[in-house]
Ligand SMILES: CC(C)(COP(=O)(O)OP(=O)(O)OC[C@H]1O[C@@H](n2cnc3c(N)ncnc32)[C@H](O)[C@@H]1OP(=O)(O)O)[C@@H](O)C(=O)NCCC(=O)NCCS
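Before any questions on how it binds or moves, here is one chain, the form predicted alone, in structure tokens.
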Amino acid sequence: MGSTESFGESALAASELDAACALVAEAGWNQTAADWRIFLDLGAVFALHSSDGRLAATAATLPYPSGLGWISMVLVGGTWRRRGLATRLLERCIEQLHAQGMVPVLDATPAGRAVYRPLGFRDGWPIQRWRRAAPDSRAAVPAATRFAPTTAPRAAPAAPLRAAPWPAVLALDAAAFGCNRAPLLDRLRQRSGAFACSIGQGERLRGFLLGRDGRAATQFGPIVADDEDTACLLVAHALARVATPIVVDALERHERFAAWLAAQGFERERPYTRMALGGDPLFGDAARTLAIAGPELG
């Protein structure tokens, strides 16, 4: 296959989900077909195909009502790397979002950040991914710290999310993220029913936790809370109900929350940086955003 091969661009078809999931697995990422469907239904997925019709590369956009548009799922198959395909699709995503009057936003790895900064993307929140192995494959965590915060919070224990009024959850998330993203959160609610939880009474929520199943780990997030102690109680509730590896993408500013995660057996995996092109990268409420939904969703 020569370096002069041309690649045709089109929207990713639903019939190509298996091929898209294969790109995810090759990269070692965590997304599933259900994640791809979020972009197909709520955003857009651009795809490049080789001359023989194989899926070579992807990139996705996910618009939000605030005028922000996420860029993610930039994947290139190993056979076709180092041919400028990722840059081509990134530029395509930026072009589409600008045409819609939206500010492009993404959560970048250190390697990605080095690519995006020369394009004009500005740094926002530093984010740290934490990972905990499945219970039967990690060193035992002392029972006293496994499912309890390291401090003595005033908040009541977490309860299953179904006990909370859904409009109150959407309102709290909108205040933290910067807009109402009900379609996305509704999908996460459906995928995290076994462990999603909240703290508070009636319309006065102090915090909530959603998440989703993944290819290699369960993602906890978003986690929105009035304080770090409340976030610890939310995660403690969820930990007791999940037997898979777990990842949490937490804002670096919450040091006590990070120390508590480490006490539960989580380990730092990789950093991310939230970045925006032509807009304020520090949107949202960092004080109440303990963990994001994931770098692909914001």
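Since this is a predicted model, take the numbers as computed values, not measurements. Residue indices: 1-based, along the sequence shown.
Quick note: we don't show the form predicted together with the named molecule, though the next part is all about it.
The contact residue chosen from V103, V115, A171, A182 relative to the named molecule in the predicted complex is V115, the criterion being a non-hydrogen atom within 4.5 angstroms. Of the listed positions (A164, L97, L75, I127), a single one reaches within 4.5 angstroms of the named molecule by any non-hydrogen atom in the predicted complex, namely L75. Proximity to the named molecule in the predicted complex, taken as heavy atoms within 4.5 Å, picks out 103-111 from the listed stretches 103-111, 127-135, 223-231, 210-218.
Residue contact with the named molecule in the predicted complex: G193 places no heavy atom within 4.5 Å of it. Proximity of R83 to the named molecule in the predicted complex falls within the 4.5 Å heavy atom cutoff.
Shown alone here, A27 lies within 4.5 Å of the named molecule in the predicted complex, counting heavy atoms only. Contact between T79 and the named molecule in the predicted complex is not found at the 4.5 Å heavy atom cutoff.
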